[in-house]
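Only one chain is given next, in structure tokens, and it is the form predicted alone.
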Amino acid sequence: MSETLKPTRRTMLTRLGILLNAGIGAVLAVPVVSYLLAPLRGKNGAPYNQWVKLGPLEQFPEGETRLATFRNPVVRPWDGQTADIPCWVRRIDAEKFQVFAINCAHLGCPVRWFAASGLFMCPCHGGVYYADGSRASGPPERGLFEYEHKVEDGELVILAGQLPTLAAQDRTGRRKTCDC
């Protein structure tokens, strides 16, 4: 006669524990595997660097530096107002501009423009920049980062999507235009 072996309580709890741990492991593995396989899927959505309009030329008077805002071209529905990126626009003459990232080149704090002194100043560690964006004093080792820009149909347009940092430049000093 064959005896049917009843599983013990210990065996049942061990199997239940293994099953629960396997389920949790599978759930945690999904984002990791998705991250690792993302490059194989190719382009998803818009390229990082895109030309974005800052506004009509009349919005930026000659000889003045103004704060402008643009919408990040790489945006998700949940980004909300954080996708609005500020930048400083300096109009030198009729067709000559400089467009600076608002971030200090030291640790990325937002710099402010003081028209009376003609200086950009960082409130975090005392970094100071001249009106042309070059370093005046303080801990930053370089000037402000500049966006590549052009004038199209009477509007100022910048290449936006990634902060214009040294990492976003190639060996020739020009900004990378990655379509990844």
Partner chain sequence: MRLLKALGAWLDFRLRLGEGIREAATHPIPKSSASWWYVFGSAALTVFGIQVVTGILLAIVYVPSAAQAWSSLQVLNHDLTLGWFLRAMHGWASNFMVALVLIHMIQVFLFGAYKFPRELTWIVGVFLLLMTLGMAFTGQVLRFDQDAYWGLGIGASITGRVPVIGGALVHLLLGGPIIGGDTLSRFFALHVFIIPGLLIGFVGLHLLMVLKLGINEWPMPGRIVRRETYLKEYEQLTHEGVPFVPDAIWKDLVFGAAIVAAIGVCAAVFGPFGPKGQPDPTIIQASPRPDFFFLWLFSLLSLLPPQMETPVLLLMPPVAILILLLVPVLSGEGEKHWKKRPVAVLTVLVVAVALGSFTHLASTTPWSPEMDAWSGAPVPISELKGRSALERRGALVFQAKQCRNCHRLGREGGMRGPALDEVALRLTSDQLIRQVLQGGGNMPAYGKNLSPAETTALVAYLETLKPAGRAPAHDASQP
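Predicted model only: the values in this text are computed from it and were never measured. Positions refer to the first chain, counted from 1.
One more form of this protein exists, namely the form predicted in complex with its partner chain; it is left out here, but the text below deals with it.
The partner is not drawn, yet in the model of the complex one stretch among 148 to 156, 22 to 30, 51 to 59, 65 to 73 has residues with heavy atoms inside 4.5 Å of its partner chain: 65 to 73. Although the partner is absent here, H106 is a contact residue: one of its heavy atoms lies within 4.5 angstroms of its partner chain in the model of the complex.
The closest heavy atom approach of C122 to its partner chain in the model of the complex falls within 4.5 Å. Taking the partner from the other structure, its partner chain in the model of the complex has a heavy atom within 4.5 Å of a heavy atom of G138.
Not displayed here, its partner chain is kept clear of V89 by more than 4.5 Å at the level of heavy atoms in the model of the complex.
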